[in-house]
Ligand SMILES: Nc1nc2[nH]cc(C(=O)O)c2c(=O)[nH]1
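A single chain, nothing else alongside it, follows as structure tokens in the form predicted alone.
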Amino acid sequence: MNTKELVAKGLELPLMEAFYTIQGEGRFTGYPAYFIRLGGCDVGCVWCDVKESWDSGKWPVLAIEKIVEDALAFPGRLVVITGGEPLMYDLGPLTALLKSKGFTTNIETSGAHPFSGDFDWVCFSPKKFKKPHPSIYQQADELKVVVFHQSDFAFAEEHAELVNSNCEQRLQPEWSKAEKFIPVIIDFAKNRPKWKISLQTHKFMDIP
């Protein structure tokens, strides 16, 4: 098979970067984690802080065996697959290999493409810029909505109606708007206690 065919089957994937750090946001805040950031995104968030990830053609295409081998060099066994938009690819082969090596698998996704892969935790962060695929709603363990504009509160509630009943719900201020929206998010959560607050603690710690 050529590279295009291997990528289509999820046997090779464009890798923007991979690094071992501390998960800074959401349910697993504070956990040591190995991040696998795949290249390629067609969602186009205006406030995205990794816009260089959007063009998949800029990044080397690696066999999933190499990606997992590199992850094994670190002591932590929590992997977070992110992007870009990781569900642009079939993640079944990568997650199967990771789990066979003892990893717990998490994903951070906008849900804009059909769901694939075997994940222990699915963080679904919908974006206004591209409608989520219906397959994400029953898979989501965590609904994390980034608050950039006042209208994002209504957007969050709309998606909260669609996820499964066990899905945790979090609001996270976009970093550049944190000073403005943290007080608003606090009041919102206090009045709607199903919502929790997520902060980008890795930015406070100055780590990736």
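No experiment lies behind these values; they were computed from the predicted model shown. One-based numbering along the sequence shown.
Although not depicted, the form predicted in complex with this ligand is the subject of the following passage.
Student: Does the 4.5 Å heavy atom contact test between Gly24 and this ligand in the model of the complex come out positive?
Tutor: Answer yes; at least one heavy atom of Gly24 falls within 4.5 Å of this ligand in the model of the complex.
Student: Applying a 4.5 Å heavy atom distance criterion, does Thr82 contact this ligand in the model of the complex?
Tutor: Thr82 belongs to the contact set for this ligand.
Student: Taking this ligand as it sits in the model of the complex, is Trp59 near enough to touch it, meaning that at least one heavy atom pair lies within 4.5 angstroms?
Tutor: No, Trp59 sits far enough from this ligand in the model of the complex that none of its heavy atoms falls within 4.5 Å.
Student: So in the model of the complex, is this ligand close enough to Arg37 to count as touching (4.5 Å, heavy atoms)?
Tutor: Residue-level check for Arg37: yes, a contact with this ligand.
Student: Among 24 to 32, 64 to 72, 179 to 187, 158 to 166, which stretch sits within 4.5 Å of this ligand in the model of the complex, heavy atoms only?
Tutor: Contact-bearing stretch, as computed: 24 to 32.
Student: Though the partner is not shown here, which residues of 171 to 208 have a heavy atom within 4.5 Å of this ligand in the model of the complex?
Tutor: Those in contact are His202, Pro208.
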